[in-house]
Structure formats: C-alpha cells, structure tokens
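Just the one chain here, laid out as structure tokens, in the form predicted alone.
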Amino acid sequence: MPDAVGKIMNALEESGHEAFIVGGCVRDALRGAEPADWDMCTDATPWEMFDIFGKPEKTGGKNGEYYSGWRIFDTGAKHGTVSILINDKLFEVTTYRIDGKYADNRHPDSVRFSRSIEDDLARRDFTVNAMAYNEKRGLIDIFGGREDLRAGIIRCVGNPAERYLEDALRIMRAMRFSAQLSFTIEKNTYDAMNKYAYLLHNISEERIREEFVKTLTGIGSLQSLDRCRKVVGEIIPEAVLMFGLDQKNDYHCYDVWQHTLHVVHYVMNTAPLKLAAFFHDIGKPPCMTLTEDGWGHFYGHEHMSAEMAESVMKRLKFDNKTTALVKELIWNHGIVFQQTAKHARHMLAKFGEEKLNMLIELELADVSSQAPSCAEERVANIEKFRGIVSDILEQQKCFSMRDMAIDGIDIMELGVPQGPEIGRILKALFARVMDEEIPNEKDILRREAEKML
C-alpha cells in the first residue's frame, strides 16, 4: 500500500484506535490489480480524528485548491467521513457505522457510529467489497468475499432484497461490477435485481449515467448487459424493442440486441465509442420494413438511432459535447468507405482526423458483428480505407481549408474586397485541390484564383 496510507493508519493505531483499508482497494489488491483508490475505515469518530490529525478545514483552500502537507478536511463528518491530505493527495477515512432506515431507497436517514469493523462490513453492498485488512489482524472477511472473488461471483451481503431496498443504485452497481470484473451474478442477487429494478426510478439520472458508462466500458459488458436486460429496460426503455428482434436478412447472424452487444464488445474502449455502439441501431425497430418475400430493411435507421440516442443521453444528463459527438457518429455510421484517396480526403475534410478514426472504429466493430459471409470482405475494405487515410496524413496532404497554401489575405491582395466572394473563391480552389486537379502550392493557387476573377 502507499506510504501515505500506512502513515494514516499508523497515526490512528498509535492513538489507540483500529484502522483498516477496506472495500474496493482490498478487492483489487487480492486480484493483483492496482487499486484506483485507497479507502480506510476506523473506530475513531471524526472528532477523534480531528484531534489526531489537526483542526478541520473547509475543502477548497485558496483558489479552490487544497493546501499541500498533512491536513484534514470535513467532507462528511456527520456521516463519519473525513479526508486527509498528504503530499497533495486526498485519502478518505470513514468511521465504522451502522446505517439507519433508507426512506428514499438511496441514503440512510441516520447513521450510528460503531467500534466494530464487523458492523461496518455488514452494511456494505457485495461480499467482494466487504473485506478489510491491516497488518495486525490480517484479512477480515466474514461474508466469504475472498471465496466469491476466486469463483468470479457478485453476491449481495446478507439479504439481496434488503440491500436493494436500502439503496437501489446497488442494482446498477451489480451489473457494473459484473461487467468490469467479468463476474457472474449469484442467483438470489440476480433475481432480486430483476424484482426491484423499478426502484431505479428513484435514483438520480447522473448516478444512473455514471454506472451505465462503467458497465459499457467493462471487459464483460456483453454478458452483463445481456443477462441484465430487465435493468437496461428500466433505465433505457427505448432499448426493449431491440431484444430478440430478428433482422430477417442474410447480412446478419444476430438479432438487433445481440448484434448491438457484439458491436459494444468489439469497438475500441472509449466512452463515446461504447455509447455510439450501444445506440447505433436503437432506431432499427421503428424503421423495420419487410418485402413481400419477408426480407428485412431498416431504411433511415441511422438518423432515427441518432435522434433517439440524443434523447436518451439528454435524459441521463450527459454533457452536450459527448452527446453531440455520439449523435454524429451514429448519424454517419452507415457511410460506405470507398478505397480511393479522393474519398479519404473528402472524409478527412468533413470529419477531421480524430472523428474520422472514431467512425472507422465504429464501422469496423459494426461489420465485424455481421454474418461471416459478408463481414470478412467489409472488414478488409474498411482496413484498406484506413490505410489510405493513414498515408494521406503521413504525407501531410491538404484535407481542410486551413491546410491550404493560400488564405483570405492572399485573395484580397489580388484585388478582391473583403466579403463573401473571398470564401467562394477559397472553397472553389479547395474543392479542386481535394480532387487533385491542382496541387496545393501557393503560386499555382494564386494563378487559378486570378483566372476565376
């Protein structure tokens, strides 16, 4: 564990208290993974910790930044939580506690501090998160978390129904941990998830969004999302029509839902691409038509999916930038890339390098999840197109107006007054450069501009 964590725990123990690392850091350490956070718990109350570590200060400090050095902050003392700053890094320490009733299915109405680590572990969500460790007592594991960790199981601590009625967000967390760890969900824990999924309507959209994105970016998202359809349907009811919808054509070997999950699985692991993959065909059900011989078509589903994705993402309080990016990727995911430099340049001009690469990644994942009889050729074509794009970028060829060898000032020097005529000339020259009719060289572009005048 980090030296700072050891210093905090030693300070508590030297003052006559217990201290443990607890929760996710213990779980990750046992898995051989690097913990993202190091949470600690103790029998010391917040006020006892203030005596040990110093007078509490408001979070923020000067200019909204924390002071460096050893300091303690009241980040939730009434619920038992303080934060200790060592070398510009915050560490959370929480007093052992017993939670009261949860009237809102999210937050305890009251908390009671305890002197027992066992009491604190009993209030936690899943067995793999209900373990604590210190060097004196070793691993404290009263609910079989280590065994479940070895078996790859997500299991509620105690009665699953009670855990979800206390805090319905735990339903999303079960799905998320299943995806992140690629674990299965124990039957009683799973059955209670489905029974109480409706309680998710009591949870804020921001928390739902956070857990959903973490689920999408988990290594086991395909299996987790598929098994947790009931949960997905509660938070995104628009997705329900995808479940089991036969696409009724030879291009697809999966129904719409299974195809979607495979695209999520295959696409590069960034949040915008995972979101675009999840929503890219959500508009297929309302767009589906059948020919007389029963062949399925989905005309315009790209645009329908983009609009539906935007609606869902706004409802879940995604930021505008991410929402716009995901919408644009979905709107354009039906583009058939041509294996020509001309097409590649036009695509670079339209989307820019970063966005075009994202669109290529989405398209690769999409066609890789289609029927093998057509996927192989389509993947090869996209890879060839990506190679052409890479060559153009390597050669630093012109693919946007700002890459032109002349600009508006050069056109004005030819006698054109400031106004829309300058833009018209530049666009016309740019189109000819893109089509390789003329090279992107200043003297030649000036001569062509003079001809146009």
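From a predicted model like this one, the values you see are computed outputs, not experimental measurements. Numbering starts at 1 and runs along the sequence shown.
Just so it is clear, the following notes concern the form predicted together with a small molecule, a form of the same protein that is not shown.
Contact annotation: of the candidates Tyr96, Tyr164, Phe177, Phe337, the single residue with a non-hydrogen atom within 4.5 angstroms of the small molecule in the model of the complex is Phe177. The contact residue chosen from Asp148, Asp125, Asp366, Asp281 relative to the small molecule in the model of the complex is Asp125, the criterion being a non-hydrogen atom within 4.5 angstroms. The three marked residues, Asp250, His333 and Gln370, fail to reach the small molecule in the model of the complex, with no heavy atom of any inside 4.5 Å.
Stretch 164 to 172 is the contacting one of 185 to 193, 75 to 83, 164 to 172, 315 to 323, since its residues have non-hydrogen atoms within 4.5 Å of the small molecule in the model of the complex. Asp43 falls outside the set of residues with a heavy atom inside 4.5 Å of the small molecule in the model of the complex.
The small molecule is not shown here, and in the model of the complex it never comes within 4.5 Å of any heavy atom of Asp410.
When contacts are judged by a 4.5 Å heavy atom cut-off, Lys214 counts as touching the small molecule in the model of the complex. Interface residue remark: Asp39 is counted as part of the site for the small molecule in the model of the complex, having a heavy atom within 4.5 Å.
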